[in-house]
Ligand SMILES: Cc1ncc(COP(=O)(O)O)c(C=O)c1O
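One chain follows as structure tokens, the form predicted alone.
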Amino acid sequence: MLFHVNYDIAGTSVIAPQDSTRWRKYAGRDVIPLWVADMDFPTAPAVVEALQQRVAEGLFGYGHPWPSLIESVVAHCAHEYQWAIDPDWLVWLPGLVPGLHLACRSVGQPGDGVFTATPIYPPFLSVPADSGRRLLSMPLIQDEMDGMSGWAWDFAATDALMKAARLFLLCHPHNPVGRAWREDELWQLAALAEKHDLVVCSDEIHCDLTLTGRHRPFATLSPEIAARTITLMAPSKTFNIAGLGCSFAIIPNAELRRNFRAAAHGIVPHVNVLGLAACEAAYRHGAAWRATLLDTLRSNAARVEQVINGLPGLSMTRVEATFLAWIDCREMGIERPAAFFEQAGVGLSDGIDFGPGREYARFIRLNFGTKRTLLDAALARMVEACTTN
């Protein structure tokens, strides 16, 4: 059986699983896929070893989180974020998106408003309606921060829209704009959540991929904020193991946790045993691998920023977290830049999916979580397309 396909693109060689969603999208075409948010890097050796040991046991029945796994999550939160979590706060999930659905279905009533800010990871836009709620969205703004332009909150507009909401879906760090929200920004959001008595569901799946500074979980601002917060985390983005389907919610408030579990009952399956094994190995033994990964991502981010900001009609702000670059193509004068660059041989995420209507149709998202030779080949294609257009 063939488990891997060797892709040779523009003189580069990448080994990718033949079942990779990202790579199969352009199978048979000379298009470098830098769209969906998984990376080309094999996961940490410790994770592979743990999976091999688990497979060798040959038993794959229903699984249940075991004490050392739970302790690895508790220890990770304590070490990385100085956050002392109670094991009882954990609710295990087969993915982060189900957590967004459960938050919507467990807070308030059908018809209630769910607030978020755009551009945003597309499920944030679809989950409210799927749960019988109303989406309330407003755009982030571009503002000067520390002498550079960056994406920021319009707190006056946020305040006005939150009045009609019951739930706040926060992306922290933010996908796609790459912001690692500062503590003062988090405090302002917390004050508004308290003012309007909102539950906050904070998607923190990229928390271990901060390229500058350290991540501050929203729930750690105060006990009062923790009591109204559902935090969603996972090792999947950091260790490139999204296909193993293992995430978790941290919910200190017992009533919120009860309602969240009740919404999952009979619908959301248990996490598979391989995902659980990979999670423990990643948190216990993956620190050195993660440090090397972050160095690579910092270098790749700087390279993307240098090239993009040097091209006519394109611009981007500095990526503070994630392995994703949000690129503004409005000055290009092209209606659908994603299609333009795909024609040039680079597959990117279409910005139209990250907001209502056509608000972000002239933006693209680029995944730089790949080997440098492949990234440079893709950037070279973008340069040629822009300079010959």
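Just count from 1 along the sequence shown to find any residue number. Since the model is a prediction, treat every value here as computed from it, not as a measurement.
Only in words, not in the display: the form predicted in complex with the named molecule, which the text now covers.
Exercise: residue 206 in contact with the named molecule in the model of the complex, heavy atom 4.5 Å: Contact check for residue 206: yes, within 4.5 Å of the named molecule in the model of the complex.
Within a 4.5 Å heavy atom cut-off, is residue 175 in contact with the named molecule in the model of the complex? Taking the distances in the model of the complex, the answer for residue 175 is yes, it comes within 4.5 Å of the named molecule.
Any non-hydrogen atom of residue 95 within 4.5 angstroms of the named molecule in the model of the complex: Yes.
Can you work out whether residue 215 and the named molecule are in contact in the model of the complex, taking contact to mean some heavy atom pair no more than 4.5 Å apart? No.
Answer range among 298-306, 130-138, 268-276, 197-205 for contact with the named molecule, defined in the model of the complex as heavy atoms within 4.5 Å: Stretch 197-205 is the one.
Give me the residue from 338, 37, 325, 46 that has a heavy atom within 4.5 Å of the named molecule in the model of the complex. Going through each option in turn, the one that passes is 37.
Note which of 260, 121, 289, 89 lies within 4.5 Å of the named molecule in the model of the complex, where distance is taken over heavy atoms; exactly one does. Exactly one listed residue reaches within 4.5 Å, namely 121.
Could you run down 209-239 and flag each residue that has a heavy atom within 4.5 Å of the named molecule in the model of the complex? Only 237 sits within 4.5 Å of the partner.
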